[in-house]
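Shown here is one chain on its own, the form predicted on its own, set out as structure tokens.
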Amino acid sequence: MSLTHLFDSLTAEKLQNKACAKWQNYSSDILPLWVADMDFPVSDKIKDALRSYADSDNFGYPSYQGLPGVKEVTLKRLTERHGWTIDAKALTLINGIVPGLFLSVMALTSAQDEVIVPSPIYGPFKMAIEMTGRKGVFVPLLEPNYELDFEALENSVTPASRVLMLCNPHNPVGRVFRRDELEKLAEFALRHRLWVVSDELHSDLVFSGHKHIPFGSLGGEISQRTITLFGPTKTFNIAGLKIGFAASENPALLKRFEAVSAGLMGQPNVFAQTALLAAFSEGDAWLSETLTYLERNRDFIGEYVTANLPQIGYRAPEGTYLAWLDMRKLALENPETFALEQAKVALNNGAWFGPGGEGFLRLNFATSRGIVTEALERLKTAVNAL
């Protein structure tokens, strides 16, 4: 049985007993397409590696550099998949990307410093800025194609500006920024002496016709001013294992990051490291099948919305497995509440993603075609009842 058939066999009834936040946060009559977890089974290569490690009885502290092979397989992947060749010393293991966002802000700024962020943006960016006493300056992306607004970025800079934060591939709008866009953004950051924090967690979830370019790979001075955050957890559906990397070709910058994290964030546990090893070394056959399925779901949503929900705007994402639905023509008081109460579908409220997100919903389509179809049918019925 192919992976495609396996994914099609997933139903809400089969998934409702999963002990994860996605399926346990709502009652059984709600279809949850909110938090960015896949419903797909994890690669057998990863599950076999975890079973084998459990049988090894090796539960002592891992080396500070990680389990043998962890950095090596990661460096190989960065080179082969993304064209970015760096040294092992440029990597430090972290317990996930959200802690990395907080630590980066703390390492590169002081209280009341300003952090520039193209918006809408994944909610923890705003949390990392405001909960550490910094000031967020949110610059809306240019609709309808969600391009960077360089004029607005220029106007946002003040003497207090210290950091530029980027999400690429972008959560929630699904952009995979082109090289020319990134190079222009690098020139902007260098001209204003900004540090750059680039969240690239979705870097392996890129669709046909698009290519992920690590911001730190642009070279020259910008590589010395950038911290890149990435890892396997979104790509391989292992978010509960909490592992990632912070990378910088500037040793002093990475030391600042590590100094802030000292005592607050230990090594990712040995199971997380084992999963990373298996994912990056043996997971690409699973990933290829999964990307094919996701791309078909993405295209199906576009076809369905065009034919059945012309009131809703939709721009097919270039990466991620997240659909960004424009509900503004419906003039809803709260799109999330409407979807939940009238359609019985749990989606993320665009307002949570900051300026530029109001009136939108984020839909996670990393599930079976049947569940995606049912969610869209429910939305259609609710919209037609307005």
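We number the residues from 1 along the sequence you see. Small disclaimer: the values here were computed from a predicted structure and weren't measured.
Keep in mind that the form predicted together with a small molecule is not shown, yet the notes after this line are about it.
- A heavy atom within 4.5 Å of the small molecule in the predicted bound form is found for one listed residue only; from Thr290, Thr233, Thr74, Gln273, this is Thr233.
- With the partner omitted from this view, the residue of Gly313, Gly136, Pro214, Gly96 that lies near the small molecule in the predicted bound form is Gly96 [heavy atom within 4.5 Å].
- When the small molecule is considered in the predicted bound form, Ala36 lines it closely, a heavy atom lying within 4.5 Å.
- In the predicted bound form, Asn171 approaches the small molecule with a heavy atom inside 4.5 Å.
- Under a 4.5 angstroms non-hydrogen atom cutoff, the small molecule in the predicted bound form has His202 among its neighbouring residues.
- Although the partner is absent here, Arg162 sits far enough away that none of its heavy atoms falls within 4.5 Å of the small molecule in the predicted bound form.
- Residues within 4.5 angstroms of the small molecule in the predicted bound form, judged by any non-hydrogen atom, belong to 163-171 and to none of the other stretches in 261-269, 220-228, 281-289, 163-171.
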